[in-house]
Each structure stands twice: as C-alpha cells, then as structure tokens.
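The form predicted on its own is given below as one chain in structure tokens.
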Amino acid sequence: MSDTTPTVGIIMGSQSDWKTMRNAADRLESLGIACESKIMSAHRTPDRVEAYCKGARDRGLKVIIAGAGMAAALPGSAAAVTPLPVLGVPMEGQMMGGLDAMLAMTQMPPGIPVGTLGLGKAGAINAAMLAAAIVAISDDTAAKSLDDFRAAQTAGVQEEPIDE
C-alpha cells in the first residue's frame, strides 16, 4: 500500500476475511488511493472498533470499508460511532451462502446507514470503487485515476462478438 496518509480504512472481523477484503485493498492500490487494513471484531474487540472508528476522521480517513460474515455486526458497529460513510461487504459463508450477513447489513436502524455491497470478492472490489468515488469528490488525483480506470474499462469492451 502507498506510503501516503490513508484515506480509506478497511476493517474486517477476522484474518479469514482478508482473502476477500484484500481485493478491496488491491483495487484501491491500483487506483493510487492509500488505504490501511485492520482486523477487529464487533464482538471480540469492541473497544478496538470504537477507538478506530471514532478517530478515523481525525486521522484523515474519508470512508471505511467493513467486511463481516455471520451476524455481520462490524459495519453497523462502525457506522454507530463514526460520521464517515461505512461500506459493508458481506462475506460468503456456509450459512445461507452469506445472504444472512447481507441482510443483517441492510437492516440498519434509521440514522445509522451502512452502504451494503454484494457478497464476497465482487462486493469487495465494488466497495473499493465506491470508496474511490467518495474520495474523488475532494481529491483531483483520485478523480483522474478513477476516470482513467473507467475509460480503460470501457475501451476494453468489444463492440462485435468473436469466435474463440
């Protein structure tokens, strides 16, 4: 990750979530957006979650991406103690394929929103893209990087099908 001050925080409930959340970190890095990644649990390390999220804005973060499975409490716990946007990434899991985590994230009480993305790797990548768009609102370098990525993505789509 970049040597500059992080503008995106990536948090996850356990080491096993890194396999998925690494996709968010990698996408942000490819866009030149500095991020930091931390493990913390809403249930096992609630004081760590509170301290990290309460101090996030003062440390220069603009958005937090929170990955969690099962009860999926981490994004909601983060959103409860920070004014920053929190983007939730539900982990794919054995119970209901992760749908339980997604539903938990989307059912937040009024006034404590979590922007919930799709399950697993695609959700992590899209959380990074949405975080990049949020950062780009006030960062011209991030905006250019995001514009360049989208232009390259568009240019990579063929107009006519080919036989493979």
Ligand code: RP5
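Quick note: we count residues from 1 along the sequence shown, nothing fancier. Small disclaimer: the values here were computed from a predicted structure and weren't measured.
The discussion below concerns the form predicted in complex with this ligand, not included here.
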property: Candidate from 28, 68, 64, 127 lying within 4.5 Å of this ligand in the predicted complex - any heavy atom; result: 68
property: Residue 16, heavy atom within 4.5 angstroms of this ligand in the predicted complex; result: yes
property: 4.5 Å heavy atom contact, residue 79 to this ligand in the predicted complex; result: no
property: Residue 44: touches this ligand in the predicted complex, heavy atom cutoff 4.5 angstroms; result: yes
property: Residues within stretch 80-108 having a non-hydrogen atom within 4.5 Å of this ligand in the predicted complex; result: 91
